[in-house]
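In the form predicted on its own, a lone chain appears below as structure tokens.
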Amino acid sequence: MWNYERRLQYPVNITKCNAKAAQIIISQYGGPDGEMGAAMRYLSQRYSMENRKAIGTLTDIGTEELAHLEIVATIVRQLTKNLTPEEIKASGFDKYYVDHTLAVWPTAAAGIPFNACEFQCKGDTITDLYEDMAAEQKARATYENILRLIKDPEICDPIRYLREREIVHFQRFGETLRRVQDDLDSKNFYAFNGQIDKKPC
């Protein structure tokens, strides 16, 4: 159960339309390394995770990724909501516009729609945590690519915030992985010495 607050985790106040920027940033909404995939990855993995600490981490970060999804959607909406037909045509946003008007729809910058095959849930604690660490690094790299292409401070400010959160999430998954491995090492030690007959999780 979640408590929802009707405010963004980080403010977005963009005053100028920019369809070209929106077409790039939308990749972090529904692209291969975007926030939708991250939220679904972590909130799905938590059900087969056997370590309680790891479940807590996945729930915390998966929930925060939903908040990041809101931030990215708000950025895209503010960049496109007042576009004129002439601006839509001139920016190359017309193909998107034909299918979705100015709605926010999950797609990659390259135009490939969101697909659940872009993330993995393996059901193995160590495998899934390594997957999660890699996902956070790929998202960080994508945000850095966006910052190389866009210089408007109104856009860059929330993008920088999102990039920093990817770094924090990577660190939290790394800490969780180390704790899980320490727990497994302890169980293996005691099992090897005949002190427990349970197999490690």
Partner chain sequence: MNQDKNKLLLYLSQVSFAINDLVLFLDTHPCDTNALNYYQELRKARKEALAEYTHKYGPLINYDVDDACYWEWVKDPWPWE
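This structure is a prediction, so every number in the text was calculated from the model and none was measured. Numbering follows the first chain given and starts at 1.
Omitted here: the form predicted together with the partner chain. The next part is about that form.
* Heavy atom of each of G56, T74 and Y161 within 4.5 Å of the partner chain in the predicted bound form -> Every listed residue reaches the partner chain in the predicted bound form, so yes.
* To do: State the residue from L147, A141, A134, V168 whose non-hydrogen atoms include one within 4.5 Å of the partner chain in the predicted bound form.
  => After the contact test, the surviving option is V168.
* Asked: Heavy atoms within 4.5 Å of the partner chain in the predicted bound form: which of the stretches 22-30, 63-71, 152-160, 36-44 has them?
  -> Among the candidates, contact is made by 63-71.
* To do: Report whether the minimum heavy atom distance between K16 and the partner chain in the predicted bound form is within 4.5 Å.
  => Because no heavy atom of K16 falls inside 4.5 Å of the partner chain in the predicted bound form, the answer is no.
* **Interface membership of E50, the partner chain in the predicted bound form, 4.5 Å heavy atom rule** => E50: no, not in contact with the partner chain in the predicted bound form.
* **S91, heavy atom within 4.5 angstroms of the partner chain in the predicted bound form** => Judged by the heavy-atom cut-off of 4.5 Å, S91 is well away from the partner chain in the predicted bound form.
* To do: Indicate whether Q78 is a 4.5 Å heavy atom neighbour of the partner chain in the predicted bound form.
  => Although the partner chain is absent here, Q78 would touch it in the predicted bound form, with heavy atoms inside 4.5 Å.
* Asked: If we check the partner chain in the predicted bound form, which of the residues in 2-23 reach within 4.5 angstroms of it by a non-hydrogen atom?
  -> If the 4.5 Å heavy-atom criterion is applied to the partner chain in the predicted bound form, 2-23 yields N3, Y4, E5, R6, R7, L8, Q9, P11.
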